[in-house]
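Take a look at this single chain, the form predicted on its own, given in structure tokens.
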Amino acid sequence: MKVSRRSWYLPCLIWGLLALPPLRHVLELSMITHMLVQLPLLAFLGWWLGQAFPEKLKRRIAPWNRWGISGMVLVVATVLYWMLPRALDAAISEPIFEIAKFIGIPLFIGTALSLSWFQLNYIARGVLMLEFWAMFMRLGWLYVVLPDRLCANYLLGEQRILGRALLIIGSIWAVIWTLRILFGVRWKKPKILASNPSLSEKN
């Protein structure tokens, strides 16, 4: 299937806008928007870019990412790093870490997830979703209960608000997942989030 060049240009354009100082500084001004807006946006753009990869490139990558294992190891390691408060501090204080964030999160989380997720079997997907949910809840709880701030660049109040937001998101995620498992409730995915048919058929 031939991929339109527009499907490459648009995520790259949005990525460039996010990297420009005005918008970047606005999103990094608050711990909440930094972790819950900027980082997910960068990951989503990487996912979008991975969906736009031509089939020829995907076939070249496939031998290095059998069953999606290599890609998911990369995703998990990158997520674990950028969920650390010190990583957020470093991205604000050190330009090299800011560059690493803008390159690493789209490629090592978004694109790797896009190329790997639908190659995993359903059990592996369930285990990973459960672990990501548990990580959200653990981190949210820590942000709420710890008496000291973990990020030097952000206030304790922001940290606690972020913690509550993570707990709320984790709770909503749990409810949706429960409805899906118990009652088969499903929400239609946007086209851009739809699975790659060629990969899904392999499962």
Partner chain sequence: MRTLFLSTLLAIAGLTALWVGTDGGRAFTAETARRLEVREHPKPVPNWHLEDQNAKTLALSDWHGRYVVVDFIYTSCTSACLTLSSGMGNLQREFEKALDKDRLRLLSISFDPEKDTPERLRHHFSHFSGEGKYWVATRPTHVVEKKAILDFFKVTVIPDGMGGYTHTAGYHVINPQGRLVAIFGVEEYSKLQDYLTIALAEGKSNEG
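Positions refer to the first chain, counted from 1. Computed from a predicted structure; not experimentally measured.
Absent from the display: the form predicted in complex with its partner chain. The rest refers to it.
Trainee: Would you point out which of 162-170, 58-66, 133-141, 44-52 contains residues with a non-hydrogen atom within 4.5 Å of its partner chain in the model of the complex?
Mentor: One stretch meets the cut-off, namely 58-66.
Trainee: Just to confirm, with a 4.5 Å cut-off on non-hydrogen atoms, which of Ile176, Leu36, Leu155, Val26 contacts its partner chain in the model of the complex?
Mentor: Contact check passes for Leu155.
Trainee: Would you check, heavy atoms only and a 4.5 Å threshold, whether Glu98 touches its partner chain in the model of the complex?
Mentor: No, no contact at 4.5 Å.
Trainee: Any chance Leu107 has a heavy atom within 4.5 Å of its partner chain in the model of the complex?
Mentor: Contact check for Leu107: no, nothing within 4.5 Å of its partner chain in the model of the complex.
Trainee: Do Leu150 and its partner chain come within 4.5 Å of each other in the model of the complex, heavy atoms counted?
Mentor: Close contact exists here: in the model of the complex, Leu150 approaches its partner chain to within 4.5 Å, heavy atoms only.
Trainee: How about Arg125: is it within 4.5 Å of its partner chain in the model of the complex, going by heavy atoms?
Mentor: Arg125: no, not in contact with its partner chain in the model of the complex.
Trainee: Quick one: name the residues from 68-105 with any non-hydrogen atom within 4.5 angstroms of its partner chain in the model of the complex.
Mentor: If the 4.5 Å heavy-atom criterion is applied to its partner chain in the model of the complex, 68-105 yields Ile69, Ser70, Val73, Leu74, Ala77, Leu80, Tyr81, Leu84, Pro85, Arg86, Asp89.
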